[in-house]
Every structure is written in structure tokens, then in C-alpha cells.
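To begin, one chain is listed below as C-alpha cells, in the form predicted alone.
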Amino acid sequence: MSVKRPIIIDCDTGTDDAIAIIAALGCEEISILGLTSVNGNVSENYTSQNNLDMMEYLDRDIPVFHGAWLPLKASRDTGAGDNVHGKTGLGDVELPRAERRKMEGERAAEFIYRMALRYPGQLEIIATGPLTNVALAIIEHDDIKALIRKIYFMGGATEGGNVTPSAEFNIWVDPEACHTVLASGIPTVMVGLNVSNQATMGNGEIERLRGYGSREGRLAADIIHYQMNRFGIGIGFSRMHDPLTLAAALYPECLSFRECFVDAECRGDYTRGHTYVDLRNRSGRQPNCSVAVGIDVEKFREWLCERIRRAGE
């Protein structure tokens, strides 16, 4: 019997974060140690409550932890952004408020460190929001750098952005946190907009997910439907940024990667939050990140739907 991979999902849940979590529940090869919540798509009080409500609604005994309310340089609470994810993060989907399950008392950064000590050299982190919690764990516990096996993060892009012309949202929220993680020496995998913008689901997948007849399938379908219609006009597809980051960890066959030196720009009137990805090795710096550069969309869609089906079994 194979040993399950110990995983922490660090997230700012968030519509596509929620779908990534549902899919992760259908991944038998991993053990989800906990969900750590962070400010990002919406404020942390919403992201943590969404995580708790989901675990009770889906009847999963996975602990949920409060995390960072603000970026490392607390100049702003970025929660609620441009309302892409709705006021509370799950669009127009309303889950029953959790009554039986309670939030853990431990902070996210401390939980991450404790699990790193428990699973030295084995712990993996899948981060689908700003990297503040992970960076805090590194800043507060220098020895953690030798304990974490790998960090997979959704953020950045090989070019361009979606908040500014050069910055993707997760990195723009807390570029100092991203810089801290990339400079730590911990192996990292970056899934940026260059590939995640191609990872789409549409009406065909909605119908398939509803056909599973499970809470997991219906919830994922409802979220995708919201994403496709959130601005009052049907756009025909929904982007699966965060589920693709899960796939990078558990189904890398649907992606291709390049080893590159990567850093986050923490200054600049126009470039703060930009991810510097040295695809051509112009800097002469040693690669510190495996960067997703290509995607097989059909493979990804099939894998994601199948994992959501398994989650509902």
C-alpha cells in the first residue's frame, strides 16, 4: 500500500479555489492535512468561513485555519477586489453556515511549520492565493526551508498580467511574500496566467458535473455557471486557474515546464507585482522554479471532471 502524500492547501477561497478543493477531495494519492486561509479574492474572514462551510457541507473532517488578514506590507486589504468572486467569494452560491465544525485556534503559519516538522522532507503546499501564510512560516522559522518538499503556486505569468499590464492578482496582492518564497531555496512550481487562462470549462462540463448526482458535482457546476455569467453576459467558458495548480502537483502530464530563475518585483510605479521569469537565461542566475509553459487542455478537463466525480463517491 502506497503512502499518501501529505498536502496543505493554502487558499483565498474564491470560486476556482473551491473547485480545486473539491477536486482534491477526489485525489486518493494525497492526504489533505488542512486548509489554511488567506486574504486575497475576498477578505480572510470570508475565505476561512467558505473553507469551513465547504468542509461541513461536503462532510469532510479536514481542519480549517485562519491565516493572514493583510499582505506582509500591510498597505491594503485587497479582499473583494473587483467583485469577480462575489461579495463573499463563492459568487451567488450560498452554503449553509457551518454549525458542527469550528475553526482551529492555531494560526496558518504555525500549522504549516508544525506539519513541516511532522513530515520532514515530505510536506507539499498547494497555494492558490497570495503567498502570505507560506512566507510568514519561512520568516518566522528559518529551519522550515529544509523541511518542505515542494510548493506549487498559482500566480504570475511569463508575460503580462490581469490587474496591471504586468502583474497577476495573487502576486500583486503580496509581491514581498512571493519574493520570500522564491528566495527561500524551497523547490517551487509556478502556474501562471500564460497557461491557466487556457484551462477552461464550459456548458458541456457543467452538464457532466451535474450528471454525477453528488453534492460535489452540483457545487462545482453551480460555481462554474456563476463564473460564466457573473457580469450579466454569458462568456461561454470559465477559467480554472486554481484547479490547474492542483493538476501541476497531481497530474503534471497535462502540462509542460521550463526550469527558470523567477522573482517578484516589489517596487516600481508600473511593475510592482510583476513576475520576472527568465525563460532565456539572460540573467545568468540559477533556476529556482519550474514554470508551466504549455497545457493539454483536453487532458486537464478530463482529469478535473474525473476527480470531482471521485470526490462524490
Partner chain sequence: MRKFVIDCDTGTDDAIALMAAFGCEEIEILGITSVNGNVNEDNVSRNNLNMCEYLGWEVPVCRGAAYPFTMGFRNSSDQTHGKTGLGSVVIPEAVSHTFDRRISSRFLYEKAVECQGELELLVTGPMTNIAAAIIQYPDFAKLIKHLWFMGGAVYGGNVLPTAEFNIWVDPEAALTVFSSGIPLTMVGLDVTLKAIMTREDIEELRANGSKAAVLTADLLEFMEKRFARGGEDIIMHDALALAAAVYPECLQYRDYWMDVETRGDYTRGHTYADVRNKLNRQPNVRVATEIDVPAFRRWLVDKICLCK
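All values derive from a computational prediction rather than experimental measurement. Residue numbers count along the first chain shown, from 1.
Keep in mind the form predicted in complex with the partner chain is missing from the figure; the text below concerns it.
- [ ] Could you tell me which of 241-249, 24-32, 51-59, 269-277 sits within 4.5 Å of the partner chain in the predicted bound form, going by non-hydrogen atoms?
- [x] The contacting stretch here is 269-277.
Task: Candidate from L147, M115, L72, I206 lying within 4.5 Å of the partner chain in the predicted bound form - any heavy atom - done: So the residue touching the partner chain in the predicted bound form, by this definition, is L72.
TODO: Quick one: from V195, A109, V173, A167, grab the residue that has a heavy atom within 4.5 Å of the partner chain in the predicted bound form.
DONE: After the contact test, the surviving option is A109.
Open item on the list: Considering non-hydrogen atoms and a 4.5 Å limit, does the partner chain approach G213 in the predicted bound form?
Closed with: Output for G213 is no: heavy atoms all beyond 4.5 Å of the partner chain.
Open item on the list: Quick check on L136: any heavy atom within 4.5 Å of the partner chain in the predicted bound form?
Closed with: Yes, contact at 4.5 Å.
Open item on the list: Within 4.5 Å, heavy atoms only: does S184 come near the partner chain in the predicted bound form?
Closed with: Yes.
Open item on the list: With a cut-off of 4.5 Å between heavy atoms, is H179 one of the residues that contacts the partner chain in the predicted bound form?
Closed with: Contact with the partner chain, yes.
Open item on the list: Only counting heavy atoms and a 4.5 Å limit, does any residue of 203-220 reach the partner chain in the predicted bound form, and if so which ones?
Closed with: Residues within 4.5 Å: none in this stretch.
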